[in-house]
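Here you'll find one protein chain in two forms, each presented separately as structure tokens under the names structure 1 and structure 2.
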Structure 1
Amino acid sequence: MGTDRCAYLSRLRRVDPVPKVWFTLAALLVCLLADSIAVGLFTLAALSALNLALGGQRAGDLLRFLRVPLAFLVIGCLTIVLRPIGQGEALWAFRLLGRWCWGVTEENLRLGVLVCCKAMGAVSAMYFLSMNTPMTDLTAALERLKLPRLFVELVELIYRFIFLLTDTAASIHTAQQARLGYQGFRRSIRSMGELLSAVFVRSLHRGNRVFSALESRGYTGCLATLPGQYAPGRWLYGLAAAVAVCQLLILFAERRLLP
């Protein structure tokens, strides 16, 4: 839960999460719909800069997080750039097993770079949200944005109990290892199966106890709570508009300058 830890330290921690969600969505949507390399790069730069400047995040952390999707993207984009092509228009080509002609065309190269830039722009927007909004604030925001209650409550409960579940699984795993449960392939498979069934049974029991505890505090079918008080975040709407204007200006400039 790396980004969540950053979120609790963020300078925007106490800011109302709803404007943060809208701000992120606006930057994300414009970046995706603009379908342009320059806008993608601008979104990446601008949102990362805002993340550091407003959220007070460390550049090292952000780079570490950005590297994660980058690895997947580069591999994904390679398959767009390098593919079977016809004769003639290739920038670079080779024959696969003497029969198929594979290579890089200008069109495919442009498409690959576009996808990569667009995706990184979008990812940086998502990181702005996730590195500055703790998960619990985010679920509170989703509820205020009128997402279905059941969905929001499930997200809340899953987020809370995933930590307990991983703790339980980890201690069972340690206990199995202490008795040589993971020596050899067959035994490992067997032990893993037992671990999973033990975790499942314990979850079932815990579920019953949690339900009793909820009932004794007056649960009537709805996990209604009151979040802490937030600092107003209306200024983020202004910022969202400013970012969108810059994105669009860059889009037009790119269309003008490049044929």
Structure 2
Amino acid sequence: MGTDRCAYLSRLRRVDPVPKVWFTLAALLVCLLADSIAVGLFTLAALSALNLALGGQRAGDLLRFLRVPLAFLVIGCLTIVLRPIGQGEALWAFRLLGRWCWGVTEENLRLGVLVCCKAMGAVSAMYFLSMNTPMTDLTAALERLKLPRLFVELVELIYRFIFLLTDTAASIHTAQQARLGYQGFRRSIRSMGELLSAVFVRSLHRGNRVFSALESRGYTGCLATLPGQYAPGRWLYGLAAAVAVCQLLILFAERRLLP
């Protein structure tokens, strides 16, 4: 998985994951609660810059990961910006089938841009955590934060079953390609349908085998792991406060609360 590869190669790999969790949550919550385009853009720029500077991530990898949510956001925000309108003023409008009037108003345009900026700022905050913290360290941090043990166990098992699902799908896809299952559009659609119908059944069987293997090794509902050796990351608390202060100053300036 791409983010896992980046996390294990990150310069922050050996830093205590708990401060990284709190740093991400602080930036994420302020970005979402501020309800500001400028704060969203600042969060996106600041967290991306910190990801590159502190984590040592490559700009190409970060841009590649950011393109995935951006594609969904563009499609989703179009449904916010382009909507049926009444007789009021519109920045741009057209008639659909000669009956319904669709267009873009200033309010809808601002709302669409706001949603996109807030979402991308939140995504950049989550990428700072996922690209600098392996999942094993993250689950250990969640346990240290006193989250319910059942929740942590479910996170670990779901994470494991993601790899089972992708491995099963890749094996079936390779077998289909070897039998020329993707030669032509109609055959490709049929092969894809057969893949989707078979992957969940085979993954269920493999999941049962994994659970049986856990039980044979003494699994009693708790995955015991040794704690890692981490460098103290208290400086991240100060960095989180600095980022939050900058976010709030930008919010106040945008709302003209500062001269």
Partner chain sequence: MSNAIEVQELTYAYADGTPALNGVSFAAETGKVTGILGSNGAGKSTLFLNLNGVLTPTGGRVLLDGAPVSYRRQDLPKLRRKVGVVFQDPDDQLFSADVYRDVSFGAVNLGLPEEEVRRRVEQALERTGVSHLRDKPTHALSYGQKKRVAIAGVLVMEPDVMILDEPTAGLDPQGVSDIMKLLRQLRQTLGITIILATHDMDIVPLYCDRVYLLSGGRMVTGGTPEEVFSRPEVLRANQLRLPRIAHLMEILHREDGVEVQGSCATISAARKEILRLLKGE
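Here, residue number means position along structure 1's sequence, counting from 1. In this text, rigid core is short for the largest set of C-alphas that superpose within 1.5 Å between two forms. If you're wondering where the values come from, they're calculated on a predicted model, not measured in any experiment.
Taken from the structure described as the form predicted together with the partner chain is structure 1, whereas structure 2 is drawn from elsewhere. Core-superposed comparison between structures 1 and 2: the CA of L165 exceeds or equals a 2 Å shift. If you fit the rigid core between structures 1 and 2, you'll see the Cα of V210 move by 2 angstroms or more. With the core held fixed between structures 1 and 2, G112 has its Cα displaced by under 2 Å. At A175, the distance the Cα travels between structures 1 and 2 is 6.0 Å after the core is superposed.
Here V201 exhibits a Cα shift of 9.2 Å between structures 1 and 2, evaluated on the superposed rigid core.
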